[in-house]
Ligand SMILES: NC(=O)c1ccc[n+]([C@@H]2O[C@H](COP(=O)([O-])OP(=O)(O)OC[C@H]3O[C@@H](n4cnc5c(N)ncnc54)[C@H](OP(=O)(O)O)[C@@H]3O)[C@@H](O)[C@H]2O)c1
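To begin, one chain is listed below as structure tokens, in the form predicted on its own.
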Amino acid sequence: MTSRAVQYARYGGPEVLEIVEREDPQPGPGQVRLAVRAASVNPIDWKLRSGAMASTDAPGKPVIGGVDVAGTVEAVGEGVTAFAEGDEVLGRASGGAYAEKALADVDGLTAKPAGVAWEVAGSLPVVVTTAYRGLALLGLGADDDTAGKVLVVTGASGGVGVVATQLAVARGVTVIGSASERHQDDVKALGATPVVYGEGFADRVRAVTDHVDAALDTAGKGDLGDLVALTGSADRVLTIADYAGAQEHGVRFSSGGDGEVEGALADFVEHLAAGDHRAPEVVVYPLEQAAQAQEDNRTGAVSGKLVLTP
């Protein structure tokens, strides 16, 4: 059997992406094959495609992009007992999610609740695990003493910001979230106090509180200096979006290689299905528009979590 996938065989702009017909991948030990229902677009996808993170002129073999995936299990590999054919799951793909069929290691998957839409499920894995990890690194994890703490979240209306803000509020943290003028009400709906980002940002935060315990930068808009001043220490600030700024200000930068919080994705989707949390806004593109979706993600032309559907 064959199915479609979006791949690139050379580095470059979005034009290097092409849809190809390929043999369905076969799951190895500990893996399943999914009939993909949704796969989200993350900055790492177009950064890898551009070659900005590569040490060679071209990938050694064609690459299928995408990490986040949601779909139905249609084949299981040796030793798999956690899931069976027909199960609906979400998590991380191994070998690319921009496809009609994708492989995934079972330890990177969790069950999809029936009440969670496919496009929402496909948008969640990276933003959820990143938010849980970021709060844990700041000492605001589920097992930490968070009562009375004050947290600033930049980009609180974005994917990671939406999740992190809700988690922190649920843990008794007072959250001040930055966003554009048009997203102030969205941040307020998450349980946070909204402030507008941009020039004068630190003063607007000080008008809300005279004490900040920690700051999570999800926006990468050059706020790290202000965040260090607000918290009183670079050790109390974490960025997931501004590597250069982190080097300049002595702030921690967290990438996907910093480890995960066990059970984070399962915990969030359980609360999502119960109505305790809300998911980031989702914008859906067909698989054929993967190049446009990556470019819209890179430029910020479209707000929300961008998701591909085969």
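What you see is a predicted model, and the numbers here were worked out from it, not measured in a lab. In this text, residue numbers run from 1 along the sequence as written.
Absent from the display: the form predicted in complex with this ligand. The rest refers to it.
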Spot the stretch among 98-106, 221-229, 82-90, 112-120 with residues whose non-hydrogen atoms come within 4.5 Å of this ligand in the predicted bound form.
-> 221-229
Using heavy atoms and a 4.5 Å limit, would one call Ser254 a contact residue for this ligand in the predicted bound form?
-> yes
Distance check, Ala241 to this ligand in the predicted bound form, heavy atom within 4.5 Å | yes
Is His249 a contact residue for this ligand in the predicted bound form, using a 4.5 Å heavy atom cut-off?
-> no
Looking in the predicted bound form, any heavy atom of Lys47 within 4.5 Å of this ligand?
-> yes
Using heavy atoms only and a 4.5 Å cut-off, determine which of Lys149, Arg171, Arg236, His183 is in contact with this ligand in the predicted bound form.
-> His183
Which listed residue (Val127, Ala136, Val205, Val212) meets the criterion of a heavy atom within 4.5 Å of this ligand in the predicted bound form?
-> Val127
Heavy atom within 4.5 Å of this ligand in the predicted bound form: which residues of 136-172 qualify?
-> Gly155, Ala156, Ser157, Gly158, Gly159, Val160, Gly161
